[in-house]
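Below sits a lone chain in structure tokens, taken as the form predicted on its own.
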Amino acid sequence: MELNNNTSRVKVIASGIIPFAFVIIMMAYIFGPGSDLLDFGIPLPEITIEKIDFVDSEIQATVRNTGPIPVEVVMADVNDRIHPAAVEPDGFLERYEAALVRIPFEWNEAEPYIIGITVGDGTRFEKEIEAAAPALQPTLDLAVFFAIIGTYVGIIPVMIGLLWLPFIKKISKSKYHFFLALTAGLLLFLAFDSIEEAIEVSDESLAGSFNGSLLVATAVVLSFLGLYYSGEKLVQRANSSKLAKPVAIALMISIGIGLHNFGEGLAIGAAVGMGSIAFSTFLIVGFALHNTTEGIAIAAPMSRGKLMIGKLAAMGMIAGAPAIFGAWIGGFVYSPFTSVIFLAIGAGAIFQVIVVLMKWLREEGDRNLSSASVASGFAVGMLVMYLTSILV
């Protein structure tokens, strides 16, 4: 009997492995002996100029080979005028390999420049900079500056929003549903905002071979699934532990908002570093007002539990402090690829929180999510976020 069981198990394993082996053989043939059959044209070189830094009397361009064949960087120009340049570590780039092109040039701050890079076959690639700005150097003063900006944009607005908690605790059930739906509306806007920013960064700075839109979609779905699984486990544990369910949901909201604010910090740091936007008091005020509503999103689920000031403060930090880390990374070591990934993860996390909130509203008695309080709360949430976003 045991022998028959072992035999059937081997058959099941073999039936699963054999098709997989044929797939490997097929792919090996396509990229090996059969590759000539698929060669319908000449592969073209492609490089991406990922970043331009203006340092002292030099322009530094970070370039990456994003085409199907190896390339050699042979020439650099500024505003269509050829200039001598050094390439580090060397000009020969395999696929996805990066190099630093250093062009000695007396550039002027706030002036526009077009940086051109030419490869071995004569193909020229260029990147336009609207206004030159000195590259940021990692100093203590600048790190403190970014920390202050992140605090203004992330921590303080969220803490102010949490002050709505005593008011929400005293309202009726229908009004409470309104605020839960308001939370979902606020978060849905943030998720769309994150996706839009991720696609914008991928279109402007990411090579086409990375399939930016599909990269965003993949990261959103994977982060949603991963966090949804983790969130369900957290809520299940909350039902049988000292961690109350409202606290567990508020914690998930804080994490989702934190990832979004991390993306905002990246955008702020990168914008300061590249000098691509006017970084002013108006911008800080706009972000701060926009993010105040995030505190309401955390306060709404917490209003049905005991007032726990320590936990509220901790969640405010979880939601707001990532803006500081984002500003540091965006300002000092900006990378378009990581920016796209983090913004997409933030969107996936927020979608997961929205699903949890909708389930909670159904458990609270609004089975069809069609009451006036839910519909109006959702609409007002999105409208508030849109109106405050206009200020940014």
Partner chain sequence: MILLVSITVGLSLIAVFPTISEAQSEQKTFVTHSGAVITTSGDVIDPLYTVSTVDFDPDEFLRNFEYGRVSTSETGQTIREYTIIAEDDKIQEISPGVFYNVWTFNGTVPGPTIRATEGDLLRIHFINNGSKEHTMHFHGIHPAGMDGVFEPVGGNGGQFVYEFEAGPVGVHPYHCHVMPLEEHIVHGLYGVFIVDPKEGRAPADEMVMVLNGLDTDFDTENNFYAANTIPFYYQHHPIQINTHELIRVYVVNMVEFDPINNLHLHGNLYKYYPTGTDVVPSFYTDMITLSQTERGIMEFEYEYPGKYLFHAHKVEFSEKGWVGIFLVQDNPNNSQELDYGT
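Positions refer to the first chain, counted from 1. Quick caveat, the model's predicted, so the values are computed rather than measured.
Only in words, not in the display: the form predicted in complex with its partner chain, which the text now covers.
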### Task
Please state whether all three residues 47, 67 and 351 have a non-hydrogen atom within 4.5 angstroms of its partner chain in the predicted bound form.
no
### Summary
Assert contact residue (its partner chain, in the predicted bound form, non-hydrogen atom within 4.5 Å, options 142, 317, 163, 86) equals 86
### Task
Tell me, out of 100, 308, 147, 114, which residue has a non-hydrogen atom within 4.5 angstroms of its partner chain in the predicted bound form.
100
### Message
Can you tell me whether residue 73 touches its partner chain? I mean in the predicted bound form, with a 4.5 angstroms heavy atom cut-off.
### Response
yes
#### Entry: Proximity of residue 174 to its partner chain in the predicted bound form, heavy atoms at 4.5 Å
no
### 4.5 Å heavy atom contact, residue 293 to its partner chain in the predicted bound form
no
### Message
How about residue 58 - does it come within 4.5 Å of its partner chain in the predicted bound form, if we only consider non-hydrogen atoms?
### Response
yes
## Note on the structure
In contact with its partner chain in the predicted bound form (heavy atoms, 4.5 Å), from 245-253, 187-195, 154-162, 116-124, is stretch 116-124
